[in-house]
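Form predicted on its own, single chain, as structure tokens, below.
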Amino acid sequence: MKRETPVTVITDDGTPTLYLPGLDEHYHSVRGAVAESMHVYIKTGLEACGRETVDLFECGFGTGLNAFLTLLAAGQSRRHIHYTVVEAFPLDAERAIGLAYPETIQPGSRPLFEQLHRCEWEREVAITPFFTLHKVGADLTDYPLGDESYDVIYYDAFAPEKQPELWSAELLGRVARSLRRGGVLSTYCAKGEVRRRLQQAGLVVQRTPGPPGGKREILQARRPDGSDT
């Protein structure tokens, strides 16, 4: 993937996303940016984890939408979330802030969204009492994922045909091993090959309904907690 200037487009739920012309890829579903993130990552990922303290990993920071929705969810539920994200091609902070997600999602929360983008990389930053962010500028294929490190994983890489290296059996295997027992991984991608690779890595995978008006199916995968085996 090469660096290029993204173009802002409005999705079907009235919220914006970014489009990369050279890659011919959107950062979110054109059927609804916020609707997709809420369904795929908050509902299918975060809310499926019952732990009060959550170590969460995201593949790709992008516009910061998933992190922002997770921050808001942490405050509402009063769950403590440590959020680690690896991004090889960070967006310009001002470009991301200009998407104005807070104005649509929760008016008055703009300072939190700005802090997500303006805080330092490569160190842990407590954005709120319930949400700590650690942004890492790195290529996930080289990133040292520790075994059994995370309770929740948001796998939000660009599509397999656009970034095949991020969907390889080797990398998905390492990602799967980084889940703790009982942990959950969610992704918008429901391709059969991705499902099989996650299963081969030892996860219990199911197709679940996609967001209203969007993809028909998405994937949720869990690492057995011992009672499943």
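All residue numbers refer to positions in the sequence shown, first residue = 1. Treat the numbers as computed from the prediction; the structure is a model and nothing was measured.
As for the form predicted together with a small molecule, it is not shown, yet the points below apply to it.
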Name the single residue among 105, 86, 119, 72 that comes within 4.5 Å of the small molecule in the model of the complex, judging by heavy atoms. 86
State the residue from 145, 157, 97, 112 whose non-hydrogen atoms include one within 4.5 Å of the small molecule in the model of the complex. 157
Exactly one listed stretch (189-197, 172-180, 59-67, 43-51) reaches within 4.5 angstroms of the small molecule in the model of the complex by non-hydrogen atoms, and it is 59-67
Is there a non-hydrogen atom of residue 139 within 4.5 angstroms of a non-hydrogen atom of the small molecule in the model of the complex? yes
Does any heavy atom of residue 166 come within 4.5 Å of a heavy atom of the small molecule in the model of the complex? yes
